[in-house]
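As structure tokens, one chain now follows by itself in the form predicted alone.
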């Protein structure tokens, strides 16, 4: 086939079961350009947030997305605390880090598992999902839920870890470590994975900076930017970890960055369990939120998450707005996909770990 034609894909998501429309111009099997059309699952959540009080919005923001559900309420709570001048107890800050890193491991394993499925390596896909169940067990055991943790509240957290639970988490992390090393080894050596992902969906550093991409997508393109290091929040400043990054900017390097970050997350949780002081986990009483504006940001599994809050002094936000990582990353698909083969489209889309639920809310 010699002419250019349009290949409509969607509004089903090509890698996940979320609606997104791709208007792809192809010549033969080669992609020439890409158009994106979003908005299929807009739920009006920012408007809903202005109709609920500050505590109700902790619950609402956790429903923005399931895979990074803890990042939304924790960042929202930080914005409220910044505005009200609330000092979160130190133990609660460690517990927030633990919740965030548990979610990061599960999210990254989900992404590399789906990637294996798209490659056609289904035994690895099922193995990654089985390994991910270790973290799902941690969620269920510690928080009583497999997806939404309900861990955060304004001024602290709504859970604690005693000696028995500490031992339970450590045991699960010990169980997880060799599996992470094994999956990382497969991703670095397996001929099928290397052939299908190396040099595919390349995003050069200059283009990554031009698009303003964030998270593992940016770090795999040579931008060593991580909010946990750049502007540490909670107790990240007290913890020892490196920013994982690469320079190749392809599908393969994005997967490796996520797997290395999962290994780091295990270490971060262990450090928190070791260093966490005794003390309160939340405020004794709720503090009134004054009139004014505040922002907060965090490093969610997919990258920088940003919350803006404006208060008129009432018990509901006058404006609450959030910018999610996928919004910054999906425009870069135009560079990643141009020149790729049609068969590589699902792999490239999955490699930015898109979350339509977060982005369209």
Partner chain sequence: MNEIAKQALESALNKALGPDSVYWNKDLNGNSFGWVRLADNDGLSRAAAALAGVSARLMVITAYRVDKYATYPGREIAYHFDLDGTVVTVTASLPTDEDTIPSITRWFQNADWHEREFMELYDIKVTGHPNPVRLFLDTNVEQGALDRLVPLSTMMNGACTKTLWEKVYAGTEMPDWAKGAQ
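Just so we're clear, the structure is a prediction, and the values are computed from it rather than from any experiment. Positions refer to the first chain, counted from 1.
Beyond the structure shown, there is the form predicted together with its partner chain, which is absent from this document and is the topic of what follows.
Student: Quick one: find which of 81-89, 141-149, 94-102, 67-75 has residues within 4.5 Å of its partner chain in the predicted complex by heavy atom distance.
Tutor: It is the stretch 81-89.
Student: To verify the annotation, which of these, 245, 121, 159, 211, has a non-hydrogen atom within 4.5 Å of its partner chain in the predicted complex?
Tutor: Going through each option in turn, the one that passes is 211.
Student: State yes or no: in the predicted complex, is some non-hydrogen atom of residue 232 no more than 4.5 angstroms from a non-hydrogen atom of its partner chain?
Tutor: Result yes; residue 232 sits at the interface with its partner chain in the predicted complex.
Student: With the partner left out here, check for me: in the predicted complex, does some heavy atom of residue 33 sit within 4.5 Å of its partner chain?
Tutor: No - in the predicted complex, heavy atoms of residue 33 and its partner chain never come within 4.5 Å of each other.
Student: Does any heavy atom of residue 50 come within 4.5 Å of a heavy atom of its partner chain in the predicted complex?
Tutor: Yes.
Student: Going by a heavy atom distance of 4.5 Å, is residue 39 a contact of its partner chain in the predicted complex?
Tutor: Taking the distances in the predicted complex, the answer for residue 39 is yes, it comes within 4.5 Å of its partner chain.
Student: Using a 4.5 Å cut-off on heavy atoms, what residues in 288-327 are near its partner chain in the predicted complex?
Tutor: 293, 294, 295, 297, 304, 306, 308, 310, 312, 316, 317, 318, 319, 321, 323, 327, in sequence order.
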